[in-house]
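Only one chain comes next, encoded as structure tokens, the form predicted on its own.
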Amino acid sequence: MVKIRLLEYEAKDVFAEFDLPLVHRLVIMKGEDVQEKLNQFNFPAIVKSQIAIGSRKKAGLIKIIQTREEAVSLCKDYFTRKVGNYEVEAILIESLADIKHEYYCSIALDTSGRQFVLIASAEGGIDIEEVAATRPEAIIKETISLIDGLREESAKKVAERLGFSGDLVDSAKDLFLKLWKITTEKEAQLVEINPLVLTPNGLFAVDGKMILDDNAVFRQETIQELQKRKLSDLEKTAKQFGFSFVELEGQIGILANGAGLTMALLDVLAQHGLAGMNFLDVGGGADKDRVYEALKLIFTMKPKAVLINIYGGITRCDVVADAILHTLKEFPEAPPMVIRLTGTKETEGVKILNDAGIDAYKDMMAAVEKLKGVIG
């Protein structure tokens, strides 16, 4: 299951489709005329870089500006920014809200309970996990029946528990019901507003987050369009050749088979003070071409070293060994490689590598220790 995380402006486009209350906003895409677009907007305003990282404000990627001239300069600066492997491709400009109080609300999939939950708190605007850990009594949770959905009386009860009264109870209730409609119609795993703010003009969603499941891609046009826009060149290559791939922020290229084995390897590296540059599960029964394409992809990332961890079941160690040698012939300046092979055709695979002057380890921890020595 692959999760697709919407950027804030993308989530708010969905919110607008379902008539959730939003402040006046403008989106500028990279390559558009910033000056011309900003002539359509009144200031002061808040300028938000649309980039897939947390803590954008701490990174200086969200700022309040007073004039159009400041906004133009800031937008041009943001479009030059690159954080990790992400570039700013869009900027969201929003009118400032006259905030009286901040709340949190979301509908989230509880995978362990196989159910959805409406979560709310009168302490919005900060990390909800921190609130849950330090003040669990401040978190309201209402289980949603998959048969009956979110009932009006349940939504109203949560609104009242948040301290709303009068017309605000109905406003909050209707908002919660719309979040549930978004969840079901878009097949979302998370729909979140943090903060939901109270202003003299009522409630507004001033931030938004959505997580979708690409298992629903065949019936969700929203997901199809997002996939086209969001996949990096490396991710498109991985999708083309049938292996799972995620870019990370470490220095060690990772190739393994099996999602669990790959995750366990990343955990072991972290325990030894090392960090993977990627998650790459080449999959069961990977043939020579797929292993070659996976290694070629990793080499293009220019890691400090590469760690290969194959536990042969359906995947054959001799096939992997042949693919490694074939790839190294094409990439004579490849980074140092540490290889662990065990399982089906292990003896043959190790011999193929040894005959080429390449060591192969049977024990994963021995391979990790060797890796530590390789990268210093």
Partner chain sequence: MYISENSRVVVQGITGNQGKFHTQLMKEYGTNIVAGVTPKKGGQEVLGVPVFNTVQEAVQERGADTSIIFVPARFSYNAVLESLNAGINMTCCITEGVPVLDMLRLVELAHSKELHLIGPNSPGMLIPDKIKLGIMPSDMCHFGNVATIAKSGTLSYEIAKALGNADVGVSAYIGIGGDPIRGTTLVEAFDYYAAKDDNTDIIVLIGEIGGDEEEKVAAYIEEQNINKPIVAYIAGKSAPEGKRMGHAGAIISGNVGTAQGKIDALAAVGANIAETPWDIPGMVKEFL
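What you see is a predicted model; the values in this text were computed from it and never measured. Residue numbers count along the first chain shown, from 1. Note that the rigid core is defined as the largest set of C-alphas that superpose within 1.5 Å between two forms.
One more form of this protein should be noted, the form predicted together with the partner chain, which is absent from this view; the next part is about it.
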Would D322 show up as a contact with the partner chain in the model of the complex if we use heavy atoms at 4.5 Å?
no
Taking heavy atoms only, is K372 within 4.5 angstroms of the partner chain in the model of the complex?
no
Interface membership of G163, the partner chain in the model of the complex, 4.5 Å heavy atom rule:
no
Should P336 be counted as a contact of the partner chain in the model of the complex, where contact means heavy atoms within 4.5 Å?
no
What stretch, of 170 to 178, 296 to 304, 197 to 205, 216 to 224, brings heavy atoms to within 4.5 Å of the partner chain in the model of the complex?
216 to 224
Among L74, L109, V83, A122, which has at least one heavy atom within 4.5 Å of the partner chain in the model of the complex?
L109
Decide if the three candidate residues L96, E152 and S154 all line the partner chain in the model of the complex, where lining means a heavy atom within 4.5 Å.
no
Residue by residue through 252 to 273, tell me which have a non-hydrogen atom within 4.5 angstroms of the partner chain in the model of the complex.
N257, G258, G260, L261, M263, A264, L266, D267, V268, A270, Q271
Once the core is superposed between this form and the one not shown, does A52 show a C-alpha displacement of at least 2 Å?
no
State yes or no: after fitting on the rigid core, is the Cα displacement of D19 between this form and the one not shown at least 2 Å?
no
If you line up the core, does T67 shift 2 angstroms or more at its C-alpha between this form and the one not shown?
no
Have a look at K63 and E249: in the model of the complex, are their Cα atoms closer together or farther apart than in this form, given the change is 3 Å or more?
farther
Closer or farther: how do the Cα atoms of S55 and L266 compare in the model of the complex versus the shown form, where the change is at least 3 Å?
farther
